Ligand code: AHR
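Below sits a lone chain in structure tokens, taken as the form predicted on its own.
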Amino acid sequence: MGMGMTVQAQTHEFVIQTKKLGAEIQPTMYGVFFEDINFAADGGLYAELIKNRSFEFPQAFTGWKVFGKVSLMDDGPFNRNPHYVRLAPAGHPHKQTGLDNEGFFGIGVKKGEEYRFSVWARIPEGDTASKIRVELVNTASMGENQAFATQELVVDSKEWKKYQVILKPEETLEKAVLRISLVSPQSVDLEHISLFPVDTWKGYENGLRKDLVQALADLKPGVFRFPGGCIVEGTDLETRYNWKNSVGPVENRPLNESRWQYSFPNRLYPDYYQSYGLGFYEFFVLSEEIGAEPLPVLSCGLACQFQNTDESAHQPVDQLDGYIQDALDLIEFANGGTDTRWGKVRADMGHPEPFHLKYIGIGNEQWGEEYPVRLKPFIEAIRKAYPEIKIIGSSGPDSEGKQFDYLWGQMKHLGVDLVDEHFYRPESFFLSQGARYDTYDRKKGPKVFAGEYACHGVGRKWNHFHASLLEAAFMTGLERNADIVYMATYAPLFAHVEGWQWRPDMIWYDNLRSVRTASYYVQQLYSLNKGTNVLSLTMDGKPVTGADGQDGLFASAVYNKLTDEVIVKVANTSDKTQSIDFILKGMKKGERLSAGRRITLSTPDVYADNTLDNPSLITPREEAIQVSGQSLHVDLGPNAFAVYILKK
């Protein structure tokens, strides 16, 4: 062969059958899974800027610096949060009484935005009004004044009342401090000290952080699982997530210790607690507003099995009635009429209409014989009271093997509707699992919820594009098997850059900014282009699953009835450009392709990802492509994921 000649790369023929529509793709197919890990709730999605706002942390002044005469009291107006503080005159004209709050890794505020300070307060003695000064301060300021937003507030009643003022900072600061000072000779009592941006998602007072919710809404998720994974179980049963404590007036929701506070001694956050300010009502409302089916997960009476090897840590099988009642009451809270006990709680919170709950998960990542024996009475009770509700069980933390097979057998035997599979696995797993669901039992029995997955790179267990590409490759197999895979959610969802225990994660943030990772864009490309029906796509008569001889290619095809489009997703996990011919079979004689678009996600450095400082390094690029007839030739570059949208 002469020096000037090159070997023409083999062209791969993808045969797409357009005539026979395959399985319907469920509206729930691609969704999001929220867990309060990595400061995802307090300090993240929940827009409250004050840490320990009710002085209920075990160390009552965690997050606060107190000065002057401040005393902790415990006979406050909210029975489940009894603590409050009394500010008394310092006793000297040149001394001061007050307290500073550090927020979550500081308090992030933006210049010109409005922040609502609110507090429950009273004057404890006499009839003379008291006055406090409320300030945002920069303790590291080189200016004459630390304060850059100030308001005064008069407390004029002996009865507990809610007061509020608006602070409008003159500068943007990621790590401000909230300072409250007593500025009158009268004492004052303060409880539930709170600071929210006025501009929350949809403007709610007990609101959510707008940029983070927008990132979720932009995914157009079909399902929203909450309140988490391991926090559902708790390190012990006392600290499991208790949904009944997370509803009702926000001032009276009790504190809960986070299971992620000390799960990893190498990533310790001793001040990680749950205020329950973001509770089940807020989760249901959020699901509704982003168009996702709500999927709550409740405790089955097992504490976290990774952290408890002793059977005595768990609720005995013959004493599960309270847990089962919690599940039944939750369905009533979501769907019951306003004349029911829990339906009325929902209505009193501002949502008389039902939430139309269809799914419930019982147990998170449980395993062993302990799980099915506890799950069984839940299923019996729920089926009897609410036969229309779909129940989700678990196949445990393993993605294959003895325990996994045992649990799948048990889930079939118990008749759950879906089985929640988890896989945090290395590159080799994602490259070998393109055909994972091709061989699943389709006769009858449960469908699959791929409830927690992410590629955890070997030696690179953090966010980078290559991991996202392998997730995209793996997801072609979810899509091709939409007759058995009914929902899938990447995990975890959120992480604060200064407060994480676990990575990779889909969306990162600091106090002022957020960034959508490459894995986020993979999820979004699937969700926004999910189509309505699967189409058969084969190469040499076989599905394209990254198998031997397929040159690292993974592919799936769907049809969108609403737009009359064929959508093909292709991941090229090789480091060479691959030539592909799409051959559309079964089109009517006069039919032809009339328009085409290609959306590509790729980057030269496969170990890079978007960062807070460079949030748009890797984003989907869309371009028109020329199409005519009933076939299309494409060249897909190395390490790239592409979505081809072809209009008939």
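Values in this document were obtained by computation on a predicted structure and should not be read as measured data. Note that residue numbering follows the sequence shown and begins at 1.
Absent from the display: the form predicted together with this ligand. The rest refers to it.
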item	value
Distance check, residue 364 to this ligand in the model of the complex, heavy atom within 4.5 Å	yes
Interface membership of residue 323, this ligand in the model of the complex, 4.5 Å heavy atom rule	no
4.5 Å heavy atom contact, residue 526 and this ligand in the model of the complex	no
In the model of the complex, residue 584 touching this ligand (heavy atom, 4.5 Å)	no
Candidate stretches 111 to 119, 562 to 570, 200 to 208, 416 to 424, one within 4.5 Å of this ligand in the model of the complex by heavy atom	416 to 424
In the model of the complex, the one of 580, 49, 32, 37 near this ligand [non-hydrogen atom within 4.5 angstroms]	37
404, 78, 502, 355 - the one with a heavy atom within 4.5 Å of this ligand in the model of the complex	502
Interface residues of 242 to 265 toward this ligand, as seen in the model of the complex [heavy atoms, 4.5 Å]	260
